[in-house]
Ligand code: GDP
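Just the one chain here, the form predicted on its own, laid out as structure tokens.
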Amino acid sequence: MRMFEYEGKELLRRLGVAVMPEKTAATVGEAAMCAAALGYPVVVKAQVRAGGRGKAGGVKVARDEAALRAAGAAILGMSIKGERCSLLLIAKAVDIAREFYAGVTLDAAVGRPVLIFSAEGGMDIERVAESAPEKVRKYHLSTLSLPRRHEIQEEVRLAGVEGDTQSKVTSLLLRLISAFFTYDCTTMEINPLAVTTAGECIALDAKVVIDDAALKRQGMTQTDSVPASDLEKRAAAIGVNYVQLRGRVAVIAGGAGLAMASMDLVNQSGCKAASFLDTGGGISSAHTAEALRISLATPGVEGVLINIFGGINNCGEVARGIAAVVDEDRPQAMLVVKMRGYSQDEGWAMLEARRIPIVKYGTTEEAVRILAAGLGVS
């Protein structure tokens, strides 16, 4: 379950991570009262679970009531990556001396949690990771015991943080790691982690994802937060699982295991997955078409890998759905299909008639190579 920023910050606060005073508001009037209580200047933040709020205009600084009301009116109702903003977070503004990135997530490649830390945080952290990967430190964590302080402090030192700031950042990272395990998270991220001009180390944002299987143990329910995006709602309406990521290639596969394996191969190819969608079994042509349209509507998608084994699923039905989208929508993204099983010859014929690249007897790796080559990734 993905949490809103204010929910994630509350979890961090419970374990001793400092956050700024803040209040939530559902209307501009409520926002004005919150700001008056906190004292200006304040930061007005859209409460959506999609990333990229700052670049989308969902975060604004207000130094007086007029600016606050203008910011609140602009942000409430805004759509960010398909998610409509219906709640604001009003936080006391802070003078920032330096920004960092800190997060703990699961590394599927090694099957362990990993601490990720960079001395350069903020809106452009993805660009830093791509252009200067040496500036992003990664430290794999044990699932049996918490790391010792000197181990984390060494990572902070190697990232270029010195002096008193090094000690304060280390303390916060240890609390972040503890929170990750305490709340059964799959992701717990702070960006930015700020050091103020007064020398305080504060979490200015929080992105928290809790393992759905642990919700009962945590005393939480899935209804604590609304569906994150219109695309997820569309996927839920046809009974398929859809997860949006950041990348160029959407993955559609008939089964969660096959979808995850396909996504891993896409990431290893250098393309990076933009989403994955698990069709489940017995999907119809109409639902296949909608699944493909959802994947094509994912931001940043340039290619789609469709990986189907026709056991419960009917390859002919799947191909009819793909063909309908190709005929009606004329998608610009490259499609590559690996499909084998029940009614495969019928399905292959429909796709070949539309000149869609098909892997009939080869492997998923072969399909990924074809797609990567088509996207210019060597």
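Owing to the predicted nature of the structure, the values given are computational and were not obtained by experimental measurement. Position 1 is the first residue in the sequence shown; the rest follow in order.
The discussion below concerns the form predicted together with this ligand, not included here.
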Exercise for the section: Look at the stretches 347-355, 47-55, 308-316, 31-39 and give the one with heavy atoms within 4.5 Å of this ligand in the predicted complex. Expected result: 47-55
Exercise for the section: Tell me whether Val43, Ile96 and Asn191, taken together, all sit within 4.5 Å of this ligand in the predicted complex, counting heavy atoms only. Expected result: yes
Fill in the blank from the handout: Checking Asp205, Glu155, Asp278, Glu232 against this ligand in the predicted complex, the residue with a non-hydrogen atom inside 4.5 angstroms turns out to be Asp205
Completion exercise
Only hit among Arg112, Lys92, Lys272, Arg149 for heavy atom within 4.5 Å of this ligand in the predicted complex is Lys92
Exercise for the section: Would you check, heavy atoms only and a 4.5 Å threshold, whether Val61 touches this ligand in the predicted complex? Expected result: yes
